[in-house]
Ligand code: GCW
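A single chain, nothing else alongside it, follows as structure tokens in the form predicted on its own.
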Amino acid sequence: MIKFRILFIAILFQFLSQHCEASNGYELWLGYEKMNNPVLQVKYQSVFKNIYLPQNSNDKTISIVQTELKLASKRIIGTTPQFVDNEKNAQLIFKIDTANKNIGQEGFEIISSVHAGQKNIITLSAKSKFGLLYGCFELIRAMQMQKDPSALHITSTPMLNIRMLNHWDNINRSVERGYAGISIFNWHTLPDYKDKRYYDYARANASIGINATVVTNVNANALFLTHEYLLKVKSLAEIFRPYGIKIYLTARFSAPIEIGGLKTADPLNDQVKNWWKEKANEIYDLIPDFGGFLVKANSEGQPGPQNYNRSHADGANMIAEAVAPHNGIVIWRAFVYSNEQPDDRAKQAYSEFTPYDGKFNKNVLVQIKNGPIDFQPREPFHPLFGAMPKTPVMMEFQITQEYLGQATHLVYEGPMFKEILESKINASKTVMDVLENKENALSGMSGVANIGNDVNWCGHPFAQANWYAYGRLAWNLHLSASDIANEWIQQTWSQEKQVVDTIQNIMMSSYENMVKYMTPLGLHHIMGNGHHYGPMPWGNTLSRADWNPVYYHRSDTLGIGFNRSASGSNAVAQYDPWVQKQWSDSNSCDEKYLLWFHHVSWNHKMKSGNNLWNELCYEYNQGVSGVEKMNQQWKGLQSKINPDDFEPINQLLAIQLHDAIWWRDACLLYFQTFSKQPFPNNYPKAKYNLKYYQSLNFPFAPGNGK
């Protein structure tokens, strides 16, 4: 009996240890759980029995493919494949086919066919080794999604050339707007210590098709361009290269002064031009496939060409000329606004950049945020999309949840990404049509990373889905947010239908719920000053008008909202006439953007029949009710989810519900001081008064920088 108990405890301990290791989130969507379909398992075992790979044993990318296939086969179907040196002896064939017209340079084709003796053969062809790598991950994803191998026929080429993560990571490992610990890049121990996490980071990105990374903050530090730090960057580039990932750096525009000993950074100065050319030569000598530079200039205090009365085109082209001989590119951010400029902040990027359409060098991409303000819960698409037809542009999304409840709120961003991508810029084109830009060799998307050194990478376990969704959409803009969520759930949580359906419902409702309990009906930028966590619609203490929430909602006794119609700032005129028609009239404007474009009366009649005040109350309350439902749905899975996985989400959802109520009550109590109207009948009574909410202080909130 004692021996039996010891054996039982040992087995139980082993099971729990294995489960804890598998559920800590480190493996992301690459845990490769065992297949629970016996019929498909046998089919895949047959396919994976003998595998042919291109015969180049020294190629690191092909070695990665081989390692990935071994790991997936062992974990998912419980077998160890054999790698053969002849296609005729293989059931799974990887081959380079440069003549395949169905795919692009990074694309792949997976075709299943039945040969003599009813033997199922899968051929995975690509034009490059990186296409084979991406195809390998797609095949493994098909296994995890339990797709029948005998019916596979997948042809896939990325729609965008540059699919980039942008880390806002600093030299001291702090992360601006990071909510998952410190930076994964340890500049102190590089280049000699190559942390395993660097390889796992590259692997995760390759699995979803990300092929570029900017490892330094857009608020750039010139030290990264010194030889000492370039050697550190080189070591990362060597790790990332076999995974198809190019490394980029942010360029401090004043670097020629700060580290070059010059007295000016004027882009038209010959000494400055020469300094950048020599710096580019130095970098490419160390990193031959260096991608190029990302530049934030003349924005939020960053130096730039306007310091010397030069244009954005002057600045971008000067650096672009330096990297052009090496096939490098410059990505120039269009996020610019000035407190000294009296015009509506939402208009400034359009006003500054459209005069230079067609004047940027061919190796320059202008990077545009998804909306005209700053990564708000909901914004209309940026008017620059479609306004610069002679200039390649790329999208900038923010994956990290700076304004979306940070790493304490479950907010799946897939629907937000899709809402912007599918927005029509005119009667016939969408934002995604502008991004793809088939007439130009350059196209891309950038995502501000939500990655840190937390064991699960992203802080909130569900924040991983936003990294995943971003990568999948950067590869294929047409994928649906729902299908991407389904993929991620099955690879991460479970393949049981009830679990998948419930989690998918939670995820797909989370974005709209968040918008409603934070910024419904077009409200925006009413978060706490500095840290941006929690509501502060009364905020009016910062030195810049456009950093204060009151600048954006403009509440008074007459109504609420920012008038961007023809009678106000006329920001709506920056859009195509077809779009203007949708938004210029407060009576017909899409109500999700109403208070973005219009200052309307508290008694403005809404489509529901409510006046604006009652509708605002309804929307805020609906947001809270939505989070209550998310909590209930998650609790319903308690018997289906391991306690170690269930409880953290349960606690985080409780925080989110608390915060949603806080948002609702604080905002409505404040706005009521202007509307002078009572709350609707049966409306939940706030637990505290307005003075209490206004007294709250959060000196240790992430993002405070103190």
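Throughout, we count residues from 1 along the sequence that is shown. Remember, it's a predicted structure, so these values are computed and weren't measured experimentally.
Absent from the display: the form predicted in complex with the ligand. The rest refers to it.
Enquirer: Would you mind picking out the stretch of 313 to 321, 264 to 272, 328 to 336, 137 to 145 that comes within 4.5 angstroms of the ligand in the predicted complex, counting non-hydrogen atoms?
Expert: Every other range fails; the passing one is 328 to 336.
Enquirer: Does the trio 384, 576 and 597 actually contact the ligand in the predicted complex, every residue with a heavy atom within 4.5 Å?
Expert: No: none of 384, 576 and 597 comes within 4.5 Å of the ligand in the predicted complex.
Enquirer: Using heavy atoms only and a 4.5 Å cut-off, determine which of 413, 379, 402, 106 is in contact with the ligand in the predicted complex.
Expert: Answer to the contact question: 402.
Enquirer: So the ligand isn't shown here. In the predicted complex, which residue out of 168, 356, 284, 538 has a non-hydrogen atom within 4.5 Å of it?
Expert: The option sitting close enough to the partner is 168.
Enquirer: Verify the contact flag for residue 218: yes if a non-hydrogen atom of it lies within 4.5 Å of a non-hydrogen atom of the ligand in the predicted complex, no if not.
Expert: Residue-level check for residue 218: yes, a contact with the ligand.
Enquirer: Just to confirm, residue 177 within 4.5 Å of the ligand in the predicted complex by heavy atoms?
Expert: Close contact exists here: in the predicted complex, residue 177 approaches the ligand to within 4.5 Å, heavy atoms only.
Enquirer: Is residue 343 close enough to the ligand in the predicted complex to count, meaning some heavy atom within 4.5 Å?
Expert: No.
Enquirer: I'd like to check something about residue 564: if you look in the predicted complex, is any of its heavy atoms closer than or equal to 4.5 Å to a heavy atom of the ligand?
Expert: Heavy-atom contact with the ligand at 4.5 Å: absent for residue 564.
Enquirer: Mind listing which residues of 517 to 534 have a heavy atom within 4.5 Å of the ligand in the predicted complex?
Expert: The stretch touches the partner through 532 alone.
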